[in-house]
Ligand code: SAH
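Read the single chain below, which is given as structure tokens and is the form predicted alone.
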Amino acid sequence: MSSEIRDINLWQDGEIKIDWVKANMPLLRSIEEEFTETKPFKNIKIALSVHLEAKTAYLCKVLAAGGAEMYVTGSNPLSTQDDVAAALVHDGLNVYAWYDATPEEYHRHTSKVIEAGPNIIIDDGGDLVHLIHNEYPEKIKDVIGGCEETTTGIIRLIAMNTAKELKFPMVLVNNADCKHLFDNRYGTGQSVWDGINRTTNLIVAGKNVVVAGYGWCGKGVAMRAKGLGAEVIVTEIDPIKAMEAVMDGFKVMKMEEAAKVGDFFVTVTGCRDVITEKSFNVMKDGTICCNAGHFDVEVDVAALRRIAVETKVARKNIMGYKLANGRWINVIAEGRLVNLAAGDGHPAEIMDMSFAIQALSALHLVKNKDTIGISEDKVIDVPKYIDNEVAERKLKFWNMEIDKLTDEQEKYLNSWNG
């Protein structure tokens, strides 16, 4: 076992966090019980790069219970929790991560998990897949396949696959119904405002909230902002999504117009340069900007630093930038993921579904390793049976039952002439 963490003595605090989420993640608990008995990942090395907090740690322990040799790092320097990393090392896992890693340290840590020669890669944002293809091509031969957690990572994977550069199959976990319909909408919606509220200690009711992007994450952020009493404005590039926003009761504007009236700005697009110098220059004094997309490129913080005449720490995890016009623009968590860099991420019950999809998708790869990589198309949807299994288990834990079709109903639905 090897590791590179801040302080192993923090492990007990991390263990308390992991125990709490475990108590609220019945799906993963049931999978852990099965994996403990069947050991499906015996002799399998798994490299994992996901936001390293308690819920991710429990996923790691579930996979380890299944016999996997785990090599773990974080997918964002500001979301790693040092006590959680210490708890995993105390439990015998290989962990390379610490909070607020420099770019050089982050690269070293991600490199460590690839150097181990993984058979399965569990990624969040695509950094591990990108790294192994570009810097460790000799390790690709050992990879059965992998799973991608988030929209941004899937965008990168599809680009690689289209260019025929993706060398092993990747399961698009984010596209599973039990992931994006719940994690992206309800998880992001709640956790973003948890991060904003605990960091700013400001009221949301009566203010203008600008949500950039109306995908499933944007829908969740806008819905929760409305619930908090805000007037919500949506910016979009997709006319269909813009119409959805209008019919959901929100205003739709171009960013250059929304920038003039917004009090809070939340970017959730997966793209870069969403809020730029042009917008900063017309924002109101005291405006608060943050990002809920994977990478810290949506709010152009570099441009804000360049045009600022003064900067100051306005509050813990909030940097203020004074512009030449005398107005202050505030940015939470350096423009990194606000729900993780300024909060604890999605609720445990939500990640219970997402990580159940991850665990079962990894199992699917191992069970089908001899056939799954044959196709030239290397991006794979989560099999429907996994989605259904997760949904059925979740309903069972909620003590809820649903109807089933009768034979006559099945026949009716599958008949073309009634």
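Quick note: we count residues from 1 along the sequence shown, nothing fancier. All of these numbers come straight from a predicted model, not from anything done at the bench.
There is another form of the same protein, the form predicted together with this ligand; it is not shown, and what comes next is about it.
Using a 4.5 angstroms threshold between heavy atoms, residue 263 stays clear of this ligand in the model of the complex. The closest non-hydrogen atom of residue 171 lies beyond 4.5 Å of this ligand in the model of the complex. Although the partner is absent from this view, residue 355 contacts this ligand in the model of the complex, with a non-hydrogen atom inside 4.5 angstroms. When this ligand is considered in the model of the complex, residue 56 lines it closely, a heavy atom lying within 4.5 Å.
Scanning 119, 76, 317, 200 against this ligand in the model of the complex with a 4.5 Å heavy atom cut-off leaves one residue, 76. Checked against this ligand in the model of the complex, the residues 329, 72, 340, 128 give one hit for a heavy atom within 4.5 Å, which is 340. Shown alone, this chain has one stretch from 64-72, 380-388, 26-34, 44-52 that lies within 4.5 Å of this ligand in the model of the complex by heavy atoms: 44-52. Looking at 341-358, the residues that come within 4.5 Å of this ligand in the model of the complex, counting any heavy atom, are 344, 345, 346, 351, 355.
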